[in-house]
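This document starts with one chain, in the form predicted alone, laid out as structure tokens.
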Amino acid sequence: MSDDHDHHDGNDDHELRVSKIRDGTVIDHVRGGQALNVLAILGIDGTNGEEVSVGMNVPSNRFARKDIVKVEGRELSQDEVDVLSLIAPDATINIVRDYDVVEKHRVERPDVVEGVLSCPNAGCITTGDEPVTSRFSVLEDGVRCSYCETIVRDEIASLIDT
């Protein structure tokens, strides 16, 4: 791609530069192309003035490509992390305070998620007028509705209740 130009200790002009955040959350090692779904899960669409940095399809040591999302002024709740784990099972959550990472952990997929996904089955009791909270068992490759047994493997992000 380039000839042997100025290479400085791995800090050359090809390195991704995204400014550090003072306080908030960095969601790293998101599978390439999923960053916008991460923002949708968090209910971030830019209308509330949140400061967000997004890197999509950037080089990664762990994957061929990854996405990274930085959200200033917000620490994620456990419910948000649980839902994130469904579309970004390899993600790392970094909590930043005063420019320092004070917590760093990998997401863990829960056994069950409640009240965060809508069942795609129009006949499911959770999609009608009944006051029934949705409940899905988390499978290796998707989720299963605990009421009607519908299994969803693709497009889980589109079922997220926001």
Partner chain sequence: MRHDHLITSKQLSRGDIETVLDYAAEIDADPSAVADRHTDTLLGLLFFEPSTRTKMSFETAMKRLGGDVVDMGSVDSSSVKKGETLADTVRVIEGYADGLVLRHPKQGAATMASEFVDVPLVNAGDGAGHHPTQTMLDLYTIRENAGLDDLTIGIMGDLKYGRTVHSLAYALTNFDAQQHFISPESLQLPREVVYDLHQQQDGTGIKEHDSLEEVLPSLDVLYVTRIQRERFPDENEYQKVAGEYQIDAETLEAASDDLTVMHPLPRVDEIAPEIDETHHAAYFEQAHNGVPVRMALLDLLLSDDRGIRGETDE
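So that the term is clear: the rigid core is the largest set of C-alpha atoms that superpose within 1.5 Å between two forms. Here the structure is a predicted model, which is why all the values come from computation and not from measurement. Residue numbers count along the first chain shown, from 1.
Note that the form predicted in complex with its partner chain isn't included here; everything after this is about it.
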TL;DR on 45-53, 127-135, 90-98, 61-69: the one with heavy atoms within 4.5 Å of its partner chain in the model of the complex is 127-135
Its partner chain in the model of the complex: within 4.5 Å of a heavy atom of each of 115, 156 and 160?
no
May I ask you to check whether residue 122 falls inside a 4.5 Å heavy atom distance of its partner chain in the model of the complex?
yes
Can you work out whether residue 144 and its partner chain are in contact in the model of the complex, taking contact to mean some heavy atom pair no more than 4.5 Å apart?
yes
Listed by sequence position, which residues of 28-65 have a non-hydrogen atom within 4.5 angstroms of its partner chain in the model of the complex?
none
With both forms fitted on the core, check whether the Cα of residue 98 differs by 2 Å or more between the shown form and the other one.
no
With both forms fitted on the core, give yes or no for whether the Cα of residue 59 moves by 2 angstroms or more between the shown form and the other one.
no
Pin down for me whether the residue 140-residue 63 Cα distance shrinks or grows in the model of the complex relative to this form (closer or farther, change of 3 Å or more).
farther
Closer or farther: how do the Cα atoms of residue 40 and residue 133 compare in the model of the complex versus the shown form, where the change is at least 3 Å?
closer
